[in-house]
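Here you'll find one protein chain in two forms, each presented separately as structure tokens under the names structure 1 and structure 2.
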Structure 1
Amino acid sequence: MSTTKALQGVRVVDFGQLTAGANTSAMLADLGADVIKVESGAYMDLFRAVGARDSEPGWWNRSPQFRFTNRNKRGVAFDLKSEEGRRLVFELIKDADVVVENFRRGVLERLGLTYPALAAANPRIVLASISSQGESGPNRMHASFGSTLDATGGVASITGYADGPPAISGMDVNYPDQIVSLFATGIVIAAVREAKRTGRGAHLDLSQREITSFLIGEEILAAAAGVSATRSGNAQAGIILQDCFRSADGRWVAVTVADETAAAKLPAPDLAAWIAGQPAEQAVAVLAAAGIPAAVSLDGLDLLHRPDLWGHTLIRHEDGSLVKGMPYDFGGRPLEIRRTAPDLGQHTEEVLTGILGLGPAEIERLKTLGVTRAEPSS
């Protein structure tokens, strides 16, 4: 088996939404798992409707955010609110290894898709529940986005300037969601390996808030000792100067002056004024030559033209579209985009026929009932 398809033979039933859930299953797909994303006309991944919609039919299949987070998957349209739709899902799960979901707590219970029910259909199934606050506790029913996780996880309290409010990473970054999907992917892989060894699956309780708090564990321990962290912008304790300065061409230059020895190498006493009189690249070159860490603060357009990012941060599919890359490779061989993100219900018939063994008459019946409807209900 190719190392770039390390999870070949693993099947994932994906209910993941937005980033935390859908990006977890996308990384499993990148590693070779057969990921089947389950949506319906009545309940699409919310990323399909993010941003400005065009007026042409099929707008729900053209979201860049959805395309970035759902590469390498197959997509089916099964209406989970219908008895027939739920029956089809259980048939899929009988021969699957993993179910990924990040619904609000209570949704799985209402749909009859609890872990005991899934395990009864398939004892080796691994259910990865990537929820806001975890499966238990007084806040389990709370929903969240990256901004609220920044706040409840404690990250926002140490981000920003001393005289300003706590800062959240916002929708453009959603830092907690990105990090949670990395943690979740590794935990799922470990659980699948154990399930293959023992024949027994597991319900993974992955609290996004708890993982976010884990990232600032040192700050929590310091607070317990009576040393509360304060927001300090770009500054860092023990460093003489660390900040971003605007250059003559309007770009920003990040500089770290670690100590007095480094300060003696500065090209001018007033660093901010000196950088303001230099083009950004020239300022960085002078500072780097003096042994002072400096870099131009790059934006998305800058990064788009960085050749070293292609194949990792960004990948261009054979159809010309851009998708999010993978943060790892195997022996210098980057992973591949084998298929672009699916249109809503694109592979429904393929899965019904090839996996569930249904014939044309049954497939047509399901379509007539609206179970496999692949257009938004409104």
Structure 2
Amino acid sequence: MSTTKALQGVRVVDFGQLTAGANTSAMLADLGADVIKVESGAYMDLFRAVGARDSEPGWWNRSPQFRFTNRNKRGVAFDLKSEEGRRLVFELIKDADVVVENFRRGVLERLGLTYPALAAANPRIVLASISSQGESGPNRMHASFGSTLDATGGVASITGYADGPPAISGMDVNYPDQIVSLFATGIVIAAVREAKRTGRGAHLDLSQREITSFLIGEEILAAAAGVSATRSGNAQAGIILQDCFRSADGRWVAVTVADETAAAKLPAPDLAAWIAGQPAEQAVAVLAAAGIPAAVSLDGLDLLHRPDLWGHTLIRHEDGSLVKGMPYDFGGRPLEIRRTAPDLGQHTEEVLTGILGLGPAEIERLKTLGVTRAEPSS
């Protein structure tokens, strides 16, 4: 049986927002976990608003960004500002295996959902707290937004033109937000495994800034020995030539000439002039045939038309929509989209009945009180 069932029987309560948290839960869902995304009319995943395409009723359910990253989850609307809402979520966590959250620091405490409180009710719970700076230290309350961490994590200082400022990945990438779930998912799986073996869960304190710095670990190690990296455009230490060159058809061609052996195989002494005389694809083909890594710098539109490069990372759902797949596959099979991203509160009643065991009268009472309201607060 495929590893995509590896987390079958594992329940995840998902407070994840935007990319870092929501995507970690999505990756757990892809491996078979039952992920219940908790939102409310007053506290929606910000992607529902950031990616909203219109202002017609139901706009909060149509964001492409939200739908890209929340497949395979169930969704409930519990108002965490109300006593009743907090009680419901606590009941849910009592019988869950994992909680994923990337609230601003302090919010979890205000909700009464600290790790000691959760562990007292459920000793095997794994709480994955994904934050900017981590749970401790003088800067634990510092805020960041995606590319802030390119800067404070150190990647920006070694990214940029040789004559220019540090460069960040920017609003449309927010690189530090993307990488965190690739790592956090594996750590959560390891902690779930440990909880199953020992009966003891864990509080996983994941700092996005530390994860970013970890990915320039060799430069930190070298800097401690007095060897400092600098910004050098596309050049890279140890590689004799690496850059982008403009082709005859106006594309940028990225080329890595690793060493003298590779340089001896170049089709012409002046690589820039040679590429300027070739269509990009032809230049890439000639260089590749000579054993020299070369590729056209693709943009999002190019990639949309290159499904051969997607592998299993993007899936065209049967309803026509495109969603994120898995960055890996098991047995060569694509991700199974068991359900599309939930509308706000889509599975509230199902969860109240099926997991919390509430009857119709109680469900109606919660609805009347507004605890399970499934529309944004005005």
Partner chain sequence: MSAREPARPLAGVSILEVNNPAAPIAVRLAASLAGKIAADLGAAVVKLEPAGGDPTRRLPPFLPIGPEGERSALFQFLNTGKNAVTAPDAGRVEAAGILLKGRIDLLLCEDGDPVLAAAGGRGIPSVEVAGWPAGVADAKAPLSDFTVLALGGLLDMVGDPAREPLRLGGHQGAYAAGLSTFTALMAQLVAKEAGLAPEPARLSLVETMIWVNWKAICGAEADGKAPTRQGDRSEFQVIPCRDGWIALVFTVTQYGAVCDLIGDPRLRDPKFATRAGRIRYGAELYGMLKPWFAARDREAIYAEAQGRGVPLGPAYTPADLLEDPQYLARGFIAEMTHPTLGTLKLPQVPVQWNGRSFAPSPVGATTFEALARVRAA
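The term rigid core refers to the maximal set of C-alpha atoms that superpose within 1.5 Å between the two forms. Residue numbering: sequential along structure 1, first residue numbered 1. Computed from a predicted model, the values in this text were never measured in an experiment.
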| item | value |
| --- | --- |
| Structure number, where the criterion is the form predicted on its own | 1 |
| Threshold 2 Å Cα movement between structures 1 and 2 for Pro293, core superposed | yes |
| Flag for Thr256, CA shift 2 Å or larger between structures 1 and 2 after aligning core | yes |
| C-alpha of Leu271 off by 2 Å or more between structures 1 and 2 on rigid core | yes |
